[in-house]
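First, one chain by itself in structure tokens, the form predicted alone.
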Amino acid sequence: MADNGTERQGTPVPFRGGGYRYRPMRLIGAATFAILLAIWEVGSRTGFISSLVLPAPSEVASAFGYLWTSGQLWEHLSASLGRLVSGWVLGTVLGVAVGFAIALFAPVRASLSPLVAAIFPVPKIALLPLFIIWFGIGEASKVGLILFGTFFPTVIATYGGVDNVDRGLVRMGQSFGLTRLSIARKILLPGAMPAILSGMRITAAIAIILIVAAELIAAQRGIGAYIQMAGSLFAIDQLVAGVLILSALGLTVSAMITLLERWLLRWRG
């Protein structure tokens, strides 16, 4: 009996839910989109959804096809992507650098942390007229607005991630005689990377919102300008096509960050 009891105690019990390990279920996501599109199409065909309010997916697809064949899609998308990538990359790089400076140097934290806390809650869209006055209606005002909007969330995510790194790892690095730069590069940066990447997801969405807002007001090319033109002409199918392009852009950026996350955080297993 004792042997049986010992055998039962030593039997491993699988944790329910697989230890919260994520299992990709791409077919479920695709099926959800397909069902929603089918309901939307049927509702529009039967008149339950007015075409004046929301055109059928087939009409939106026709508008997207015209955008593709006429060359307007790449014209508007390339303009938005150029502004988006420039502002977002600059804002992210500067935000990570300033965030590390705040986390590592007490004088920098004392001087810049209150400034970041004061400016961060200000809606960046409200500053667009000011940016236009400062930099004109050209590319500088749009790129500057995106840079400004992505900079502060990146700073907060970075120094918050560095602050959450286990101090025991830092002390261990010091005991091995690592320099301050080596500790920052080999211990603090990898430890803060999950927080930085999470901040990048948020700032990517912020950047898309800001570029659309900027193009709605002061642009002749870009997805925001296309949506503004479609809305002024009451071309709802074209307007919805523009919105779906923005949604696809957001999904693409999120997928790229996911790939970057898998590569940079492969040490987590």
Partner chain sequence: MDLSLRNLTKHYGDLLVLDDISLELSSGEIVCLVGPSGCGKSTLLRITGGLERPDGGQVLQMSPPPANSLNPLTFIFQDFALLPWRTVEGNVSLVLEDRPIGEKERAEIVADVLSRTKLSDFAGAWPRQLSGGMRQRVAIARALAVRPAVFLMDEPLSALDAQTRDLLMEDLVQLWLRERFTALYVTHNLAEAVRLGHRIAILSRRPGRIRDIVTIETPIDERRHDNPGLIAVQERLWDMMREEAEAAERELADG
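Positions refer to the first chain, counted from 1. Just so it is clear, the structure is predicted and the values come from calculations on it, not from any experiment.
Missing here is the form predicted together with its partner chain; even so, the following discussion is about that form.
Enquirer: Of the options Gly160, Gly82, Pro153, Gly191, which one has a non-hydrogen atom that comes within 4.5 Å of its partner chain in the model of the complex?
Expert: Spelling it out, the residue with a heavy atom inside the cut-off is Gly191.
Enquirer: Pick from Leu178, Leu127, Leu104, Leu112: which residue has any heavy atom within 4.5 angstroms of its partner chain in the model of the complex?
Expert: Among Leu178, Leu127, Leu104, Leu112, a heavy atom within 4.5 Å of its partner chain in the model of the complex occurs only for Leu178.
Enquirer: Each of Arg201, Ile208 and Gln228 near its partner chain in the model of the complex, meaning some heavy atom within 4.5 Å?
Expert: Not one of the three qualifies.
Enquirer: Just to confirm the contact call: exactly one of 139-147, 73-81, 118-126, 181-189 touches its partner chain in the model of the complex at a 4.5 Å heavy atom cutoff, so which is it?
Expert: In short, 181-189.
Enquirer: Indicate whether Gln174 is a 4.5 Å heavy atom neighbour of its partner chain in the model of the complex.
Expert: Flag for Gln174 set to yes.
Enquirer: Within a 4.5 Å heavy atom cut-off, is Leu94 in contact with its partner chain in the model of the complex?
Expert: No - in the model of the complex, heavy atoms of Leu94 and its partner chain never come within 4.5 Å of each other.
Enquirer: How about Leu169: is it within 4.5 Å of its partner chain in the model of the complex, going by heavy atoms?
Expert: Because a heavy atom of Leu169 falls inside 4.5 Å of its partner chain in the model of the complex, the answer is yes.
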